[in-house]
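Single chain ahead, by itself, as structure tokens, in the form predicted on its own.
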Amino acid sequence: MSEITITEESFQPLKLSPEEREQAAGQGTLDQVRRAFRANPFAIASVVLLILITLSALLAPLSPYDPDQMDLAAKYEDISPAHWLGTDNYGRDYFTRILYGGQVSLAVGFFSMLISTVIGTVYGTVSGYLGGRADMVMMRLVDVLLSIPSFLVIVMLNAVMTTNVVTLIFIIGIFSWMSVARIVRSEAMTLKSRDFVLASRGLGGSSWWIAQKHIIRNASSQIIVSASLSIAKAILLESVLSFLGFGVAPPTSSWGSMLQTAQQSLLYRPQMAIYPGIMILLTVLSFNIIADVLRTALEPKLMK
């Protein structure tokens, strides 16, 4: 029987390079996300549903119908093999308009989320990292902006500006970053006193390098969750604005503008409002479910 020799080296911890530690941490995070989604069938269904909705919107040009082409002789047709969801009050294929409306609603949600997330992340990181008087002034500005009824401001801006999809994305984005900034600022205030941040500062690391390497990176889980919720909020806000006539201008279709048009025939053609309403409900609900699962899975793990 061979002898096992135990030396001092046997008790030495496994030494990994910074790249290997980062890769291991990333794999651990992905495993947590996978386990969280596997344990929640509603989350899996939400992901599948969002993929189907997104692909359907992207493949909308394959439809044989022009979403804006009117045919008054075919208005208010019932469901048929030629028109899967019938036609609207102008004879336009309703299924095609829902697909193209999905392009607009999803684009507004995604790009306005990018704007609000970038602004909020940078602003919150700078405020939390600087601290002191600068943080106080920056946060008071956020408090002022949060106290202003942003919905009314958006409505007024849409009333005086040229209403199009780009304008809508920009306006929603710049009035939605404050909550992200407060979350990131809170994380930055906690992280900047950690030993690895103090060590990086002592070794001569620049403020930008520390913010990028340690603060934003360790706050990424909270940023991802906020981004998921921001998409749902932006889609809902676009739908409300378009329903009130301050969003996407005709003949461009979005789910909200389709709800506005459906008011004319709500009593005798309620399905005209039900179809886009269901799309808004499923999309917003799916993003909220995914955000909840990500919040559970992406617990703050400090990556040195």
Partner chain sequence: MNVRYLLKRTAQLIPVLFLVSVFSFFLVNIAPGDPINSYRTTEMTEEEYQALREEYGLNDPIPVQYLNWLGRILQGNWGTSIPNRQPVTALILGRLPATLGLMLSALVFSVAVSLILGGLAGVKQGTWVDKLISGFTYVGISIPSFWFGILLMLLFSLQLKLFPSSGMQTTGVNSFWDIVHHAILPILAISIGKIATYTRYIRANVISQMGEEYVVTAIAKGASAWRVVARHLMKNCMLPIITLVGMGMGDIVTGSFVIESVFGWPGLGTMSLNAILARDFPLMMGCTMLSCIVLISGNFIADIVCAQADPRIRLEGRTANE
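Residue numbers count along the first chain shown, from 1. Just so we're clear, the structure is a prediction, and the values are computed from it rather than from any experiment.
FYI, the form predicted together with its partner chain isn't displayed, but the following is about it.
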Select, from the options 197 to 205, 158 to 166, 218 to 226, 109 to 117, the stretch whose residues sit within 4.5 angstroms of its partner chain in the predicted complex by heavy atom distance.
-> 158 to 166
L259, heavy atom within 4.5 angstroms of its partner chain in the predicted complex = yes
In the predicted complex, does G277 have a heavy atom within 4.5 Å of its partner chain?
-> yes
With the partner left out of view, is V47 within 4.5 angstroms of its partner chain in the predicted complex by any non-hydrogen atom?
-> no
Within a 4.5 Å heavy atom cut-off, is R133 in contact with its partner chain in the predicted complex?
-> no
Answer option from Y129, F175, F95, Y123, heavy atom within 4.5 Å of its partner chain in the predicted complex | F175
In the predicted complex, which of the listed residues (L62, L30, I51, L266) lies with a heavy atom within 4.5 Å of its partner chain?
-> L266
Can you name the residues of 143 to 177 that have a heavy atom within 4.5 Å of its partner chain in the predicted complex?
-> V144, L146, S147, I148, P149, F151, L152, V153, V155, M156, L157, A159, V160, F175
